[in-house]
Ligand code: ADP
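Consider the single chain below, provided in structure tokens and representing the form predicted alone.
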Amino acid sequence: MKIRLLPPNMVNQIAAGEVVERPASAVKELVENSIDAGAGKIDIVLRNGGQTYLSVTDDGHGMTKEELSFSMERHATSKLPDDNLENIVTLGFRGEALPSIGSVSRVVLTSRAFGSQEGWQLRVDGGKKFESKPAAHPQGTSVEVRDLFYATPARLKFLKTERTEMNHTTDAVKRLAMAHPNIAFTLFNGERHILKVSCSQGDFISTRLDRVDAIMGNEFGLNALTIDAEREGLRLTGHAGLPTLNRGNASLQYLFVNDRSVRDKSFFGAVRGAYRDFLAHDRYPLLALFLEVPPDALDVNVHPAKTEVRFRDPGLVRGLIVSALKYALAGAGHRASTTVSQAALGAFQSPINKQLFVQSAQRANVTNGFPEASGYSPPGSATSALANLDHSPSAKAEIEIDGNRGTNENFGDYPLGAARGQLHETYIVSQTTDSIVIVDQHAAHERLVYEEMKATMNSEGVRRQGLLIPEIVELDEVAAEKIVEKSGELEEMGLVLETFGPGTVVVREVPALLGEINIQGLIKDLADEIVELDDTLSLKSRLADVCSTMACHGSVRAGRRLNGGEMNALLRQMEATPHSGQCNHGRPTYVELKLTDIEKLFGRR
């Protein structure tokens, strides 16, 4: 067969296979065009998950009649004025989105340019353009897309349910809305608004947090740590959640590069490394990070969907993310997320507990109907029971607080207060000026011991165990070269190795903490991670796991009776130790119940 040029419409349909994967892809491309056009408000409407109808309307600078026609031509764009792919400052630049969408659907574009007295409308059906005609329209542009993929029926078969497609679109719009708090967004599914956020005003970092909080859930803003770090021309800002605010998947981890939402596997590896000491392996923190990179240090022309980027120095980026997150987590001190206390109060306020409380009160005949100061107490009531006691009832303390019980201690100076008792030989109850704090003594001491072990390792190094017979490990040549390059870093963690010919390394010493290990498996895992992530997470994780286990077994056990001095010493050490708000597995070490919330439980507020 002879080589021939494909017709333009077929070229556009092929491009659509990469650019427009599903309705969410079309919405993303159209919204990015609106953002590049300087829009202050963007409205999105979908029906049937976007398959039968979707529209994006903005109040940007709009298009003239000539620009409207050009916009449907392949690789026609206004975003590369100097034809330089090394200085891309807009979200779009390839000029593929509109012609790709128009080649597989029925599109109507209506626009009025800034300063123009009339608008214009252009219709495109399956790649066929019709004549432009005048149309009434406010300044800005609206794009209506009907019957997506009708011109490529094979693609229709791969679309999921309406709910699934709507979820993908919602996620795409949320990502764009988080990166642009100065723009108002609405997303309507034909029945209700899925998303409706107004334009934020004020300090940029605070307005960005307001927008992220509105999208990720109000609990995030209360439990977010501010990130602001710079290194060699790169700047990282945003917010990261406390370790005790976590999820079972990474769906609420967002990275934006120059306000472009990207998915980068090294980013997830960096986050995992930063939170390694604070979360179990199957739990994930919540965060939204915004990375500013000079355009010449970044390649966004990697994939037509523009969700992938390439950094000139990926190691620098990863190091910045890890160090910024670790610094913020260290600054959090003993702080734990407010969701912990909210969950505890929610348990008290559950319908079942409320019903039991009411039934108990009814059985005890305790009501508010008795005259005050009448001296009458119904049989079985709390008041008549008090008459038979020489003193007011109180919970029996399992310990005495060094003879200071009942004295006025200056616990207001201490964030975690002064110990008042120990319950079930497991939980320390302390009092602050405006709250009650309940501490899990085992979880708290586990974190304290673990942090002490880490400090010792950092100051004295990791003890090494020499192998009687050195272990020879065969790898492919690239992996062997990479792991030998990291030999200095590995030696600091107790693993001593060196090259032993092409594709082979010899291991001479291993960390003593690891005991008997599968050296072959360890080296191969390390090599895979170094090739993929340029890091040594496997060894760090194994050392961390061993230290965590040792800390767990070496800490104060549940069921051990503590005296007052020991309890207060534990509280003071928690206040002085970073990350003491959660144990090594991400579980909270204490719950703080504010008096105002407790008073609400008893109807005092």
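Start at 1 with the first residue shown and count on from there. Bear in mind that the values here come from a model prediction, so they are computed numbers and not experimental data.
Form predicted together with the named molecule: not shown, discussed below.
Participant: With the cut-off set at 4.5 Å between non-hydrogen atoms, does F93 touch the named molecule in the predicted complex?
Facilitator: Looking in the predicted complex, residue contacts with the named molecule include F93, since a heavy atom lies within 4.5 Å.
Participant: Is there a non-hydrogen atom of T77 within 4.5 angstroms of a non-hydrogen atom of the named molecule in the predicted complex?
Facilitator: Looking in the predicted complex, residue contacts with the named molecule include T77, since a heavy atom lies within 4.5 Å.
Participant: Is R560 part of the interface with the named molecule in the predicted complex - any heavy atom within 4.5 Å?
Facilitator: Although the named molecule is absent here, R560 would stay clear of it in the predicted complex, with no heavy atoms inside 4.5 Å.
Participant: Give a yes/no on whether G241 approaches the named molecule to within 4.5 Å in the predicted complex, heavy atoms considered.
Facilitator: Result no; G241 lies far from the named molecule in the predicted complex.
Participant: Any chance P23, L54 and S103 all have a heavy atom within 4.5 Å of the named molecule in the predicted complex?
Facilitator: Zero of three within 4.5 Å in the predicted complex.
Participant: Choose one stretch from 45 to 53, 560 to 568, 62 to 70, 574 to 582: the one whose residues place a heavy atom within 4.5 angstroms of the named molecule in the predicted complex.
Facilitator: That would be 62 to 70.
Participant: Among A270, L495, V145, L98, which has any heavy atom within 4.5 Å of the named molecule in the predicted complex?
Facilitator: By the 4.5 Å heavy-atom cutoff, the listed residue in contact is L98.
Participant: Could you list which residues of 28 to 53 come within 4.5 Å of the named molecule in the predicted complex, counting heavy atoms only?
Facilitator: N33, S34, A37 sit within 4.5 Å of the partner.
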